[in-house]
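Let's start with one chain on its own, the form predicted on its own, as structure tokens.
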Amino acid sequence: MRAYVQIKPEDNVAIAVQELPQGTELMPGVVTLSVIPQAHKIALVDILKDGAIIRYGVILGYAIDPIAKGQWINEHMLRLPTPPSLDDMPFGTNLRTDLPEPPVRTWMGYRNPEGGYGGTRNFLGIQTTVQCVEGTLNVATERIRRELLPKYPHVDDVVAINHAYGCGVAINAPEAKVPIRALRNICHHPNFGGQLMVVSLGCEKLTADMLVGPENNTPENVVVLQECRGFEGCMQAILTMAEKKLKILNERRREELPLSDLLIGMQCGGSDAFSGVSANPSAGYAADMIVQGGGTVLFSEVTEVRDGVHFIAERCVSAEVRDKLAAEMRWYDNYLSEANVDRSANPTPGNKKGGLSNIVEKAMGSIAKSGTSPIVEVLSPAERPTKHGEIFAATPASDIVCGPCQMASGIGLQVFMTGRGTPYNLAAVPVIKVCSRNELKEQWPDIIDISAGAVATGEKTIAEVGTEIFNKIIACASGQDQPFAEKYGMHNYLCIFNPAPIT
């Protein structure tokens, strides 16, 4: 097992694969001056005050004080560089066509009756217009599982789309379009089989007309609780409508579909300095396989790509795609500046404990999960894709906000990379967990699905682990396997991104 990882020859730092004792000789002339924690950086040369600290071939920051060769470099020792300019970024200069071939080009999914990407699950999705109905719907959902679902064996589950939006909000504010678009698109998620079912209260700002359109706001699709008589009347209305929808969904069957009918999302959270070495590049390799096979992959998290946006622009297939990328970055820069913060607010204490010194270093690792495929489209938060291939879907970096945004875009499955560990999951979309280091898999053997730690230690290649991730994607999307989080029924509350005012 190797002792350190140096990404590029020009890097003047390396990271420790395991904790290194003081006095460890990494290479001729480089001896650790203190204990170096796992995943943290070691200076490979003397770095002057204001000298560049380089990893991934990129300037992570500038030394606040002189740094000696062999010294531990942590987050307190770097000054953040200026973010890359968004003006006139070169595009189309790094369009790779030699992508890895996928082992298979088909999967077993549910054809989407509304057209577009296929479903990976067969769920009854129950939409809500406002948080006020959640308690009542949760009781009804448990009754549906207990009393109705056993009668319809070809339906996998019932999923209540509960959220905190719908009332007490500035519904006509310009940026209200973001949460409204998200909730509208979730209604038509491929895993819900084209069956609309909505539970509303009756007095909320987000009306059923706004959510599903006047043409779908009918007694066959919408239960209005304020029109029901008492609690039992609410229960009866919801269960009666649910059974009608279940009968239709029970007729759905999996069939062999091309990879062009598969849409997956890539996300990372609880990242560490190994994320950009092992887990994210391996997921990126799997993403390239999916794209090569005709499928579509979304990657996201604006603040976690902002410092590498010029690298993404190089992969944009047109000026139009590049310009949309720049526009989404500018929007988020302004969104942060209005709160008197910038992208440096992103890294967490866990990120830093895992060796990530700042957002530049985090961004370089985050981008790796996108692979190397050309970027064919850029989406605003919760927009639906119109192209096939690699797509940047602009979202916040928060796990529980990014996930619902990608779900609204229609992903049938998500691959989630982590270095520190998180049990995060989505109820409506299976989430595969990939960890960056073996210790996390040993700690959470029944939460983490795949460890990419052997890439960090040098015992496996990115291609080997990437192929393993691809095969897991196909098996889980096809219903032949389940990620651990799905097996246990763990899932997070849907936090719908709302940049508009709350009243």
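Please read these numbers as outputs of a predicted model, since none were measured by experiment. Note that residue numbering follows the sequence shown and begins at 1.
The protein also exists as the form predicted in complex with a further copy of the same chain; that form is not presented, and the subsequent description refers to it.
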Inset, instruction - Kindly confirm or deny that Glu134, Ala397 and Val401 each have some heavy atom within 4.5 angstroms of a further copy of the same chain in the predicted bound form. - result: yes
Inset, instruction - Could you tell me which one of Glu101, Glu256, Glu338, Asp88 places a heavy atom within 4.5 Å of a further copy of the same chain in the predicted bound form? - result: Glu338
Legend entry - Listed residue (Arg384, Lys387, His154, Lys353) with a non-hydrogen atom within 4.5 angstroms of a further copy of the same chain in the predicted bound form: Lys353
Inset, instruction - Decide whether Ile67 counts as a contact residue for a further copy of the same chain in the predicted bound form under a heavy atom distance cut-off of 4.5 Å. - result: no
Inset, instruction - Using a 4.5 Å heavy atom cut-off, state whether Pro445 contacts a further copy of the same chain in the predicted bound form. - result: yes
Legend entry - Partner contact for Asn346 in the predicted bound form: a further copy of the same chain, 4.5 angstroms, heavy atom: yes
Inset, instruction - Give a yes/no on whether Gln226 approaches a further copy of the same chain to within 4.5 Å in the predicted bound form, heavy atoms considered. - result: yes
Inset, instruction - Tell me the stretch among 114-122, 313-321, 169-177, 75-83 that has any heavy atom within 4.5 angstroms of a further copy of the same chain in the predicted bound form. - result: 169-177
Legend entry - Residues in 202-224 with any heavy atom within 4.5 Å of a further copy of the same chain in the predicted bound form: Gly202, Cys203, Glu204, Lys205
